[in-house]
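Two forms of a single protein chain come next, each set out by itself as structure tokens; they are called structure 1 and structure 2.
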Structure 1
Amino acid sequence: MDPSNTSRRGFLKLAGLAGLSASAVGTLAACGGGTQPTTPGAGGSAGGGGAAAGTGAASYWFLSGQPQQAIREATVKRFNTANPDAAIKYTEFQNDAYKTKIKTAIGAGQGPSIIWGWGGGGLREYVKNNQVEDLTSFFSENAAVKDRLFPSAFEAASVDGKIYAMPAETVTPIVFYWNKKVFDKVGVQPPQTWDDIMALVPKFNDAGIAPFSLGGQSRWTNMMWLEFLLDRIAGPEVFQNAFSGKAGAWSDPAVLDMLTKIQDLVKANGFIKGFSSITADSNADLALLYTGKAAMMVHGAWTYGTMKADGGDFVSGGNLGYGNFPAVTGGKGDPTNTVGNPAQYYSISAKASDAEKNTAKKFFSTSVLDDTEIKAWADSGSVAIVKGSNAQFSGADAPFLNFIYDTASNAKSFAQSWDQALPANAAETLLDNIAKLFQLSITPQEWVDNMNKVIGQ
């Protein structure tokens, strides 16, 4: 009835809320203060996992999603059981959310002590802003930790010759997959060269089967084609030039050749109808392959587990064919070369206290990729980046795991995915132009011009 009465009550309620939020800010500020070095005597030598002195609770952020999530959790739990006074507290994030969150948190000085990442361009940005710890001396003092890992994994962990991240988890090269049932039905053989691919395209189209599955809306899915094709035509040097900021690096004639070949494949209806609206996150691209709607697919080794789980008897029935990307006749690239993700990367925040840093280093040297974890990765259908981890392979997945292990360890060059290797700005321009290339809305020459503009920015 009385309006002034209600408004006052509303105002009081608001005032209460304001008080609440003020105290919340206070709590947040206190949290921020927690990252300051508080443990007495922690200023001592930051020697690796040996000395127990000066370790303290640390925080660790990583990605959710099974089966990787459970393996990451288990490793932390084993470490915490062994080191009850230096427990690691972890927080899990969904992939895309994490990419934004970790940047904002590190920028605001609220990041975790252990940063889970992809190495390459993202790591370079952290290093440039002095946000991550230099681990070069840690690895020279703990040579055993370094020597048992794949050497190819360290390239994306290094910036200007110094190591800023611990390579971890699994190696996932990009694989050329095909559906054996569909190949038998059409009566053709898997391609050995690019010419074979172009010859297969009309045969599959005539049979009403899409030659290649592709989740083109995700854009990096298209990028895998460019990475492989450029490597097969000209070797890894062309991208290396662009990566290291050499002006006009994309003007190499091999790039135009590669882009023209890609557009020829698009024009020949090489990719599934509607590929530009299919996302990789939905796994619809995998479904197209195992349901036989598409004959072939170029995709990461990580899709094997999903196809095994979702594809019915597709994988267990031996219908999945796999190999390295076909050669290009007359191309300079070594056909054993591969591209993809050489590893995952764990960094230590430069803002962490010495105690937290010591805990993280102990975690790296004692728990990360211990025998239990290596076994867990093998069981999940992945290859841990440890030399000799192939001894753990057994059962039905062993042939595929051995193929990945051999591909990764025999590759003359293992190039990191372009969008991970480049800084975010250049990566976004790259993905944008790749999408337009596949859309046929820009010419190969326009692609080259657009990409040359962002080199070295």
Structure 2
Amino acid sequence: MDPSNTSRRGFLKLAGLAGLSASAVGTLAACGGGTQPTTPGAGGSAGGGGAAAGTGAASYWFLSGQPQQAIREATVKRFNTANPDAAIKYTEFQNDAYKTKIKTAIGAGQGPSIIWGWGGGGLREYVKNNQVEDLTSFFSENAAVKDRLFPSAFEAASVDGKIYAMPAETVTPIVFYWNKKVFDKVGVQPPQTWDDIMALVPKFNDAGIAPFSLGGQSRWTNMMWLEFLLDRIAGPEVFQNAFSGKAGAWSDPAVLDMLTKIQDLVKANGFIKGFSSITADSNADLALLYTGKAAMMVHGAWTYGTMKADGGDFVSGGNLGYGNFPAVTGGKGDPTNTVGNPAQYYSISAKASDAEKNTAKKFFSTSVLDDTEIKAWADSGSVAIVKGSNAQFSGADAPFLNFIYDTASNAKSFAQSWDQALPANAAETLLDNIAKLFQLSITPQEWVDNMNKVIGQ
């Protein structure tokens, strides 16, 4: 998942971050796009995937865009300094250019030795086509490498019980936000359950305040509601069935319950009037919350920085409330579960030579998320997926960063964003049907039928 001006897939598009504190910038890290042209790295290749034949030198493609780009470069350079005979040559790409380039290159057998990615559905496609290395035995032989990382980061790195990617970089879960001033004005408390949410809706509407802000035109913003609701109702297994391609997976009764609950909220005027015309890219949804026109919002951790920069004293004055998504009474989902972007992912090409694979594995075990990189992520305001990385947090943003750290590290399940987890065709159908669901133009059963048709595609 990704944001920036809050387009998640442009997540690392830092255009909206000018003027933000380093910490603010960092909370935006997760999936996303750079702003610089395709760039051969220092000492890097000119864009070809392969490293020098017969040597241990490996090639590595990753995204541009600061501050993530500089941190990635520095990690490679430290490795190269320590391993001059098996150096890594990197090439950097803008987000959208990378998605096209990497897919074409891997398909042609000309991809890099080390592949930067988002895990989930994209990784599953690589595995299906025998394009990436099975790293299960590597993690078994290097238990310390695995044990220091958040366990929840491995879900999107795994396919059919085997690990095909090294979880890396940072974590960004979805957060339940509220405006404390608005709650005080209406005289109510933050919701603990779905029933509390529904009870708050008429109270805020009677006060002339929209219960929830939502940039519904972006579609993925609506999706975050379904991700949490399905988890709270039935746990992570129902979506896992759809992710695994099980026929009829969306016919689970919990899915109909989820869809009905959302339409009940829409019909009760739970969302800001005209939400289907509001884009997340404009950050108008965030403004509705920090100006008090809306009381609550479900959105990514990356929005903290933008609200801090643009919301006056909303954040600095302690008016921003935040927590995990409320429980559903009687639901099977663990309330510590969360959704969002559990990490970024590094895979090794199946086409790489044995020497290149050894170099990549040495890079994973000695340099990726070493102490220097962990500190760099913390200094940029991001939460590295390493146990104990919270020791690096300080300053005014430390409470929020600690909340993100605790949410990610304590989650029994950290579900990857559905549109990242599913194959591209199914993801587009998902987003289209979610938009129609929120617009009340299809019934829950029609949603189920439409989604069952694209399972496994």
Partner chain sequence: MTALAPAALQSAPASSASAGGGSGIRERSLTWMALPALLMFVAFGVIPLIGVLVLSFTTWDGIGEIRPSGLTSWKAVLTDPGLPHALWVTFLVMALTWIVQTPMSILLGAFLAGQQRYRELLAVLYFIPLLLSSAALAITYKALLDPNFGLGAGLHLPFLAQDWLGRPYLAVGVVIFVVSWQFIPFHALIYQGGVRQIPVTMYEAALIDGAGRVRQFFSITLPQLKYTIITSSTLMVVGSLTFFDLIFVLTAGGPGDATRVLALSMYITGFQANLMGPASAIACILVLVGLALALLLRRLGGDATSSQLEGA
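Every residue number counts along structure 1's sequence, beginning with 1. Under this definition, the rigid core comprises the largest set of C-alpha atoms superposing within 1.5 Å between the forms. On a predicted model such as this, the values are computed, not experimentally measured, just so you know.
Participant: Name the structure that matches the description of the form predicted in complex with its partner chain.
Facilitator: Structure 1, not 2.
Participant: Check whether V175 and A82 fall in the same rigid part when the chain is split into two rigid parts between the two structures.
Facilitator: V175 and A82 are in different rigid parts, judged by which superposition fits each C-alpha better.
Participant: Give me the angle, in whole degrees, that the smaller rigid part turns through against the larger one between the two structures.
Facilitator: It comes to 19 degrees of rotation for the smaller part.
Participant: Using the rigid core as the frame, report the C-alpha movement of G117 between the two structures, one decimal, in Å.
Facilitator: Superposing on the rigid core gives a C-alpha shift of 3.6 Å for G117.
Participant: Could you tell me how many Å the Cα atom of I88 shifts between the two structures when the rigid core is held superposed?
Facilitator: Value for I88 between the two structures: 8.6 Å of C-alpha shift.
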